[in-house]
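Take a look at this one chain, the form predicted on its own, written out in structure tokens.
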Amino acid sequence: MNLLDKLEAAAAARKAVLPSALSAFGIPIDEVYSATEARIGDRKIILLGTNNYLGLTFAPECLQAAHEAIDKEGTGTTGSRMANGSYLGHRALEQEFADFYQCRASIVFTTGYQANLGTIGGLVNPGDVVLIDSDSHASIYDGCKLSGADIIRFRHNDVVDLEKRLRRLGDRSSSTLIIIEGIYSMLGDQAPLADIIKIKNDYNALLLLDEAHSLGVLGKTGQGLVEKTGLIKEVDFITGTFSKSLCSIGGYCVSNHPHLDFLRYISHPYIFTASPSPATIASTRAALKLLRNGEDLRQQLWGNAHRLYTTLRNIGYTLGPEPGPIIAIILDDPQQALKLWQGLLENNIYVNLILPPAAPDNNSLVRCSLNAAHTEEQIIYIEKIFTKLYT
């Protein structure tokens, strides 16, 4: 089988599972009107499938900052952070992230994906161990694979299984990096951080927490799970992304370890990727201020999340384990998921269709993402359509 044959085989396997599903992925959004509304073809739709948790994509402060940066500094840096791509704004944003988390230092990467690749690959090498939650994001898996470290998975949010696997490592536990997420992107549940920190301290391991989906969502100032639990000083490294609550693109790592800055000299994603554009950095800086002071936005977001989660559960849908901005409807097979997804789109609601192997436990998901800008009128309409489509 040659390389192209392999691609054809992969496409055939997908088509055998779900013959009509190829058009369900990567649907172009033809026009965007706001944080909650857009146009697909001739349909004006409610966006219920974005990670725009605080609804800041059209915040005037972010738009103005981006416009001003383009006018002053152009459209791109045309170089990596190691070369000519560290502008004043990049360093300023790093300091602002460090201040936000009250940490010693921060590194900004071009994407959130690369923040995990670069951080994991810089921290562990062949001979080390990474112990990761089985529901970890693909960027975590890929960072671990590229590092060459030994990869061990523990059952999702299962601290007993985590402790068992650390115990089996013996002396190697001191060269082990545990990786978890604040809010998991598929089912929307949160990590048992306090229990995991106790275990990592008992075995002298290090802990990396990915706050991609919890930044802006949890905690009084939106730091994430570390703020909700009050355990920020117990976490060794925090990574995250600009592409959710901060409504742009990029990523970061913060830490109190003085070793963080050494990643700048060994992290390939940092050294060999062009740095974020000036407009991206400027809008992110503006969004970080809004996020930090956005307690009212978080209240609105969580009000929407609790309401829709309760309604869908009462209708009879099988949901993820707890309310949150990510509400996953769990279905038995791809055909059921596609039917619900198509029914929602036909009623002008856009959500995400998640099929195996991306969905945990070989399930199929219809994944909703709420944000602070969804109005009561929109939530009422969404509830009405879900009620109509329930079978």
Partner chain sequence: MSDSNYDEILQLLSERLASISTSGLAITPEMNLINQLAIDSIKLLNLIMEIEDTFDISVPVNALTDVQTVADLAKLIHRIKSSQ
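These numbers were taken from a predicted model, which means no experiment stands behind them. Residue numbers count along the first chain shown, from 1.
The same protein also exists as the form predicted in complex with the partner chain; that form is not shown, yet it is the one meant from here on.
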item	value
The partner chain contact in the model of the complex: Pro357, any heavy atom under 4.5 Å	yes
The partner chain contact at Leu169 in the model of the complex, heavy atom, 4.5 Å	yes
4.5 Å heavy atom contact, Ser134 to the partner chain in the model of the complex	yes
Any non-hydrogen atom of Ile152 within 4.5 angstroms of the partner chain in the model of the complex	yes
Non-hydrogen atom within 4.5 angstroms of the partner chain in the model of the complex for each of Pro192, Asp195 and Lys220	no
Contact assignment for the partner chain in the model of the complex, among Lys164, Lys233, Arg91, Arg104, heavy atom within 4.5 Å	Lys164
Of Gly316, Gly148, Gly79, Pro321, the one that lies within 4.5 Å of the partner chain in the model of the complex (heavy atoms)	Gly148
Stretch in contact in the model of the complex with the partner chain, which is absent here, among 177 to 185, 156 to 164, 267 to 275, 225 to 233 (heavy atoms within 4.5 Å)	156 to 164
Stretch 99 to 116 - residues with a heavy atom within 4.5 Å of the partner chain in the model of the complex	none
